[in-house]
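Following this are structure 1 and structure 2, which are two forms of one protein chain, each written alone as structure tokens.
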Structure 1
């Protein structure tokens, strides 16, 4: 009896795990499970506002200590989670079967990641960030210091509590509503890897900021200064996995989210910092609530026809169309843009056309097949800041004219026709004169 019960449980686990792991779907991109790894379970309460904002958007959060011996990201070859939040900056080694390679494989499989570091960050967390395209300051005691853009406090501090407001200008990343209040930041600096073209600064330090130990005098110029310091960065990988990296775990805390803020040199004091709006809007992007596109119904046909042909003939007139939609958080809405293009491609583009749209998600154009035969591809490669990349292709052969499809008389050949008949007439006259002239 016990053996049969064990076999039933095994079958059920193998059957249900793939279903759980496929919770992310193109029909509902935000129906997802998130694993939150913590240094201390007290972070559940000290950062509860941020976690509750995720839950209110339908995310299922699974909190675990980062050194949990039963920790696993996948089982039976299927991932158990669709996103990972690392709020464990000081962890030296993950528990269970999770390690640096496992986290990177998780991202390489198209899953999303949030990394929050601080002054206690371990080499493990910094290595994960480095693999994602950013480099934290190598000095373990260094913090971001800004003597101009610091947050005003009742007591004069060391100016490590930054009031940052240098945001990236992107509605898709930070939402359409402007963030008015500065964001409170206290943590470590990082810079972008110049070789990685996929990483972006979302929140930058001011030109006068620098990274150094606030408790000691500078003996040499700091390695990170000015606007080269990134406070918050994001990455969208080529597989559309999204990553957020910041050097401040406190930025997500209830204390920072509820705190009032006044930037040094500014007469205006805000009752509430911009942290809650900033982390909420940016997390929407990271977890594909915003900026997620899908393309469907790629079609092509000859002008005046409806059915898709098996091949085209050179110089045929054709019509191309595709539908593109954007996820609004609840449903798919038509995506409207004027920079979507299609290529007719064979080794290189023979035709490149910008698609028109009807404001309802349908993009279309018409053009003539080039006077070159071979195997072509319709290609749509769409890459726009903050949006998931679209890469569509469809192969189609193009044939030349058949022998009975050419025009009977070609206008361009009329001079040759005239030359032939003139030659015949001249030969007839020459023969007549030669034979009958005395």
Structure 2
């Protein structure tokens, strides 16, 4: 594994071969080549800390203007990039051959996306978000306002600079180290559909926040209020493509990353906002450095045998095993958990067992095939917050007994055997007596 990684690095250094397929692969899921689309190139310097942190982690960034006429995501059917960062909130039309459908196809083929919007967001950016399951506030001039948990500044502003600290509780998404300082946010609100199971609120607004135009008087109740407002959300699509959506482009900026923060009403003042840690950790998740699982070598065999049979018989004892690994960013490490289950499934689970693991990634169990024949499946369905979802299934028919696998003599039937044999003997005797005893 280590050698592989070395090779990849070697190849990376030879960046003259842009088409070389280093994209998302099962061997090393971390993204390598990122395309950053900007409204104007000044963002490159104003957000340099974020970009540099990506570069220092081995990503290969390609900056382009969003309306660059030569813009293309793929060439000859091959994607040129593994990830896309849309830091171009105001773009109305992408340049080149890229459009909404191209971006969505990019995601649907398993690539990752970061979308940052702000108050100047165009319909295009909003519709990309909508297609991913995130609805930005429809009022174009509305910003998130919070009169309670705003960031204290020198001048008493309109409370649109928010110090948010309502993080999702997940080590996978935000890293093991707790983010102490609040995250500075200035931008627009979005909401999620509760029925949408793919999208997660990573950073939500406080219960007192609302979304409205700060410069005009509030005439009607705001459409989005309280903690239903999401500031930062992530989506993990069914093909495990990951998307991060935020309503604030500024939260990635050097200014926010470097500034000190004090939440209104809180005595504690932090020298540095939580932004840097937050965006760094979340970008690790989005680009598959963390939280990526793979399950391999799904095996099953009869107890005491080596080979995988084509078919089981009812009441056979079997051994089932599967290996699960987690990508650490450099190599595949054994994934250790005690909640992985296997089902023996035929329209409904007939057997549901928790797998025990050997801390080296091998999960195994053994059980008896139920007394029902049919076409079963071994199913491993493992969906955990932040992790890629695993769903494996393997079809296996279960047959009834063969004609010669039943017991030859049944104890309970001995009276009947006795009856028939005495009957035969009796009949023979009777015939003999009747015929020859006159």
Partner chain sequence: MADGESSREATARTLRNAFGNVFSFFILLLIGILAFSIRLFSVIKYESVIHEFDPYFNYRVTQFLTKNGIYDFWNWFDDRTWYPLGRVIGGTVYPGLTLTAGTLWWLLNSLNIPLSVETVCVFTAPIFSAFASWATYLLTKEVKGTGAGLTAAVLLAMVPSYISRSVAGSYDNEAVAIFALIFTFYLYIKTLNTGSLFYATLNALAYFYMVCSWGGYTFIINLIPMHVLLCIVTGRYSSRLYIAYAPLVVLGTLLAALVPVVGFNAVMTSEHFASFLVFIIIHVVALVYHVKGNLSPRMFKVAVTLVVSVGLVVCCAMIAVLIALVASSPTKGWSGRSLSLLDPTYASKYIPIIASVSEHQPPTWPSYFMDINVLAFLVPAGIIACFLPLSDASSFAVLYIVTAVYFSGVMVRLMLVFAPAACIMSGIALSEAFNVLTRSIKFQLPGSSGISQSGDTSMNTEGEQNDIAKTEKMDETAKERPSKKNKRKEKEPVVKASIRSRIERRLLVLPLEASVIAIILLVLLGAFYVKVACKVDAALNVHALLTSTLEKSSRVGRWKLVHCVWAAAEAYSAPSIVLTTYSREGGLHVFDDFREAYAWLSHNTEVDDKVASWWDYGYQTTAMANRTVIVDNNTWNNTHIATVGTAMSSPEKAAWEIFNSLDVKYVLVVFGGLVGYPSDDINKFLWMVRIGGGVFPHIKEPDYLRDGQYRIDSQATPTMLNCLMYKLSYYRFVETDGKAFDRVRQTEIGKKYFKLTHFEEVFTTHHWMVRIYKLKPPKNRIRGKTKKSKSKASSTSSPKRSGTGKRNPWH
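Numbering follows the first chain given and starts at 1. For clarity, a rigid core is taken as the largest C-alpha set superposing within 1.5 Å between two forms. Note that the coordinates shown come from a computational prediction; the quantities given were computed from them, not determined experimentally.
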Matching the form predicted together with its partner chain against both blocks gives structure 2
Original post:
Superposing on the rigid core, is the CA of residue 170 displaced by 2 Å or more between structures 1 and 2?
Top reply: no
Review point. After the core is matched up, is the C-alpha of residue 413 off by 2 Å or more between structures 1 and 2?
Key: yes
Turn angle in degrees for the lesser rigid part against the greater between structures 1 and 2 comes out at 29
